[in-house]
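What follows is one chain in C-alpha cells, specifically the form predicted alone.
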C-alpha cells in the first residue's frame, strides 16, 4: 500500500498505512453512559457522545484499509489489587471504583459498564487492551504489540482528550512514535480542556504530535488503497 499525505496540523504528515495503528481510547459505557464512573464524578456524560460517530468513521476506514486496530479499556481487577488507593479514594464521587452501579461494579473488568459502547464494538481479531491507568503503555503489552507489527505511527482517538488520550500520546511520543490525535473523534467533559488539549499536542511545531480529523484520515487511507 502506497504512502500518502494526511492533512494535519501543524503540518501534513506522510503516512505509511502498513506501519500505522488506530488506537481507540476508552470508549466505554462507564465513561459515556449515565450511571457509570464519569457520571459519578459529577460530569455530563452526554458531552462525550460527540466523539462516537467520528470514531466510528475512523474505525471503518481503518478496517477497510487493513490497519492494526487497538481498543483500550481502563478498569481494574475485581479485587482492586491493581487500583492504587490514591486513585480509589480521590475526590468525593457519588460512588467509587468497585462500588455497585446500574451497569455492574464501577470500572471493574468484566462488568457491563467496563465494556466498549456497542457502536464501536471490537471486531474479531482486533486488539482489546485492558489498562489500569490513564496511559495505554502503562502496565500493558502495547509496546510489544506495536513492535511486532513494525508500527511507527499512532492515530489516537477516544476519551477523554486531556486525560487518557493525552497521556497515551505523551507516552507514545517519548517512545519515538509519531502520534496523531483525531480531534473530532476525541471529547472531554470540559470543552475548554478538549480545545486546549489539542492545542498542546500541535504547539511548538508538534511537540507531542499532530492533530487531524476522522474525515482526513479516511480520505488518506482511501487514497492509499486506490494507489495500491
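Because the structure is predicted, anything quoted here is derived from the model rather than measured. Positions refer to the first chain, counted from 1.
The same protein has a further form, the form predicted in complex with a small molecule, not shown here; the description that follows concerns it.
Partner contacts here mean any heavy atom within 4.5 Å of the small molecule in the predicted bound form, and among 59 to 67, 36 to 44, 178 to 186, 199 to 207 they occur only in 36 to 44. In summary, among the residues 134, 76, 71, 105, the only one with a non-hydrogen atom within 4.5 Å of the small molecule in the predicted bound form is 134. Though the partner is left out of this view, residue 164 does reach within 4.5 Å of the small molecule in the predicted bound form, counting heavy atoms only.
Taking the partner from the other structure, the small molecule in the predicted bound form has no heavy atom within 4.5 Å of any heavy atom of residue 171. Interface membership of residue 55, defined by any non-hydrogen atom within 4.5 Å of the small molecule in the predicted bound form, is ruled out.
The small molecule in the predicted bound form comes within 4.5 Å of no heavy atom belonging to residue 51.
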